[in-house]
Structure formats: C-alpha cells, structure tokens
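As structure tokens, one chain now follows by itself in the form predicted on its own.
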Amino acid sequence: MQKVIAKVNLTALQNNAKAFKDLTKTRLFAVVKANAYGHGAETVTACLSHIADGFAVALIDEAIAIRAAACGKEILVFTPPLNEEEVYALAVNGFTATVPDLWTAKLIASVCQTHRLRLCVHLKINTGMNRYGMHLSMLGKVCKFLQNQPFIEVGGVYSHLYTCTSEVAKVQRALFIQAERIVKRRYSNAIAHLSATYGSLLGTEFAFDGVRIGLGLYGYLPTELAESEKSIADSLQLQRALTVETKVTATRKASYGGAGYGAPCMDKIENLSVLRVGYADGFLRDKRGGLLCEKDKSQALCMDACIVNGRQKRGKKITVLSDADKQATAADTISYEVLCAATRRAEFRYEYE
C-alpha cells in the first residue's frame, strides 16, 4: 500500500526487441540484469521469451529468478564464478558461464569433473574494457586446456565495446575478429558476440552471430551518438517502457519557514503538497535536496516523502518518472542508473497496448 507505481508497457518492450532484431539480422540476447533495468526481470523475460534467442544477467541469483520465464532459452551469466558452489549452481541449473581467464577455466573444469556435470561456457575477451576478459595471448592456452575437458562445452566468445566512439569500436572489432578466429578454429559452432545497444547501431559488421541488447530494450539509447548513428537510432522508433507514478498524500499551508529537513528552501511559498516518494524509493536529489524529476524547483525530497509547491488534491496521481534521460542529465549521471533505482520498492503494473 502507498508504494510508488511502476507501469511497464510490455508491448513497447516487444516492439523494441523486434526493432533490434530487424536492424541487426542476427541473434538477440535480451539483457535483463538488475531486475531488467528496473522493469521487473521475470515478467520482462516472459514477454520476450518468444522473441529473444537468449538472455543475459550479471548474477547467478538473477539467472535463477528468470529460469522458468526464459522457457528453455540460454541464460548467460556475465560475472565469472569464484568458487565450487557457484560453478555447481551454474551447471545444475543449465546456465552458461563466463570464462575470462585460465584460473576460471581450471576451476570449472575441476568442479564439473568432480560432480560429473556438464557446463556450457562463453569465453570473454578483453578488447579494451579491462573489466573481465583475457588477452589474445592467453586465449589459445585457455582453448587448448578446455579442449581436453569432456564436461565443458565452449558455446561462444564475446567482448564488450567500452565507449560510444566508432573509431575506438573499430579497433576493438579488429581485436575481436582475431579472437573469433582462434576460438572457431577449435569450436566451429561457437557464437561470437561483441555489440550491446551501441554496437548494434554501427552496422551489420558489428553484429557477428548475436547482439546483447540491454538499454535499448527499454526505449533508451546512449547519449553520445554521432549524427549517422542518431539517424539509425531514429529509424528504430523505440518506445519508453516505464512510467513511475505516486500520489499526493497531504496538502497544507506552509508554517514557520521550513520544508522537510535542513535549511528553509520554500521562500515566499504559502501552500504545499506532500508526495509519497523519496530517495528510499530510488529517486535522486539535486544539490538543494530537491526531487530531480519534478519541474517545480520549489521542493524538498526526504527519505519517504517529497514536499512540493502548490496545493493539489489529496490522492491525485503524479508522474515522477517518464524520461530517465532528463532526470539523468539533471543529476549528472546516466539513464541506466536512474532506471535501475527508480523502482527499488515500487508496485509493478504490467500492460499491453
């Protein structure tokens, strides 16, 4: 009761996914990590299960949460396992593990041999992100080691573009092509995937055997696009899938000079309303402590409430998020962070339009 309401348009999600498939002409892995970027991972996965060729998450727990909804489609876990328990969980659940180095390869081989479990893996290559991934000099050693492991199947090889700059992306692509050749020489059926949302805008030469679409599924794109990339982006006609609403819970006359915690911030204001939304719900504060997504600058954001200028009807619905890009710009952050936070303790309502 009295949670903020996260309204998710499932038709928009499906249309966005189809748009990327039509654009890239290849497999689509729907990235549903971080609770599907705040949209609700299980329901999002279910509504895309007949469109996506596979799914990708960051954590094993996230994979378990969507396993039934994925309807048997492959689920790739980005974060490599650290111990026997995690390898076991990956294998018994039929997930696909990431192998970024020889240490991980030896760990999963040992665990799978001990428990007689089969596990599919995708090899992660470092082409410049420097987060996870092996250098080309190590790739041959890892492939040679895994070839002698009867319980391990190498199902793919992937990397990640680290900046929205086409010239840098071309350099990364050239490195990735070398990695693809090394892997497919030994594993001819392995799929190669380099591009996420940004890479999908760079042409089919960046599509390889699949793309991993995250932000774009939810109707957003990276902001640092060249003009040619913006033209392609516009052709996709993406739809924003998420709207967050709250209600006016109180209305009053201002008294004694303050509004919320801290120094007075409502000079010469007589009538106030209270919205049931706060930073505990995942909404960001501006430098004055106000709610960034509100147009009215006379406001104060507390943990569970927001005080705004003007008298409004108690119970009135107020939209507090419809454009994550605008809120991100105001907060000097990125839309990814806004989306992941804004439904932290929301009640979800799903609809098809």
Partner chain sequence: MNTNKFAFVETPSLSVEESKKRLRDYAKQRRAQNENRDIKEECLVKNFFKLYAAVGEEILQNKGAGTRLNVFTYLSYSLEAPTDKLIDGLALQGARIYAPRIGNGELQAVECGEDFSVNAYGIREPIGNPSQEEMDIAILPLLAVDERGNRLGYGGGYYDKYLKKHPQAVRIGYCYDFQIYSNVPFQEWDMRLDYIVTERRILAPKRKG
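Residue numbers count along the first chain shown, from 1. Just so it is clear, the structure is predicted and the values come from calculations on it, not from any experiment.
Note that the form predicted in complex with the partner chain isn't included here; everything after this is about it.
> Out of the stretches listed (178 to 186, 126 to 134, 161 to 169, 90 to 98), which one is close to the partner chain in the predicted bound form, meaning heavy atoms within 4.5 Å?
Of the options given, it is 90 to 98.
> Could you confirm whether residue 84 comes within 4.5 Å of the partner chain in the predicted bound form, counting heavy atoms only?
Yes, contact at 4.5 Å.
> Tell me, yes or no, whether residue 59 is in contact with the partner chain in the predicted bound form, where a contact means a heavy atom of each within 4.5 Å.
No - in the predicted bound form, heavy atoms of residue 59 and the partner chain never come within 4.5 Å of each other.
> Hey, in the predicted bound form, does residue 114 get a heavy atom within 4.5 angstroms of the partner chain?
Heavy-atom contact with the partner chain at 4.5 Å: present for residue 114.
> Using a 4.5 angstroms cut-off on non-hydrogen atoms, would residue 279 count as touching the partner chain in the predicted bound form?
Answer no; every heavy atom of residue 279 is more than 4.5 Å from the partner chain in the predicted bound form.
> Taking the partner chain in the predicted bound form, would 27, 51 and 53 all count as contacting it (heavy atom within 4.5 Å)?
Negative, none of the three is within 4.5 Å.
> I need to confirm a contact call. Of 286, 304, 323, 42, which residue comes within 4.5 Å of the partner chain in the predicted bound form, counting heavy atoms only?
Among 286, 304, 323, 42, a heavy atom within 4.5 Å of the partner chain in the predicted bound form occurs only for 42.
> Which residue, 251, 228, 147, 110, is the contact with the partner chain in the predicted bound form, using a 4.5 Å heavy atom cutoff?
Among 251, 228, 147, 110, a heavy atom within 4.5 Å of the partner chain in the predicted bound form occurs only for 110.
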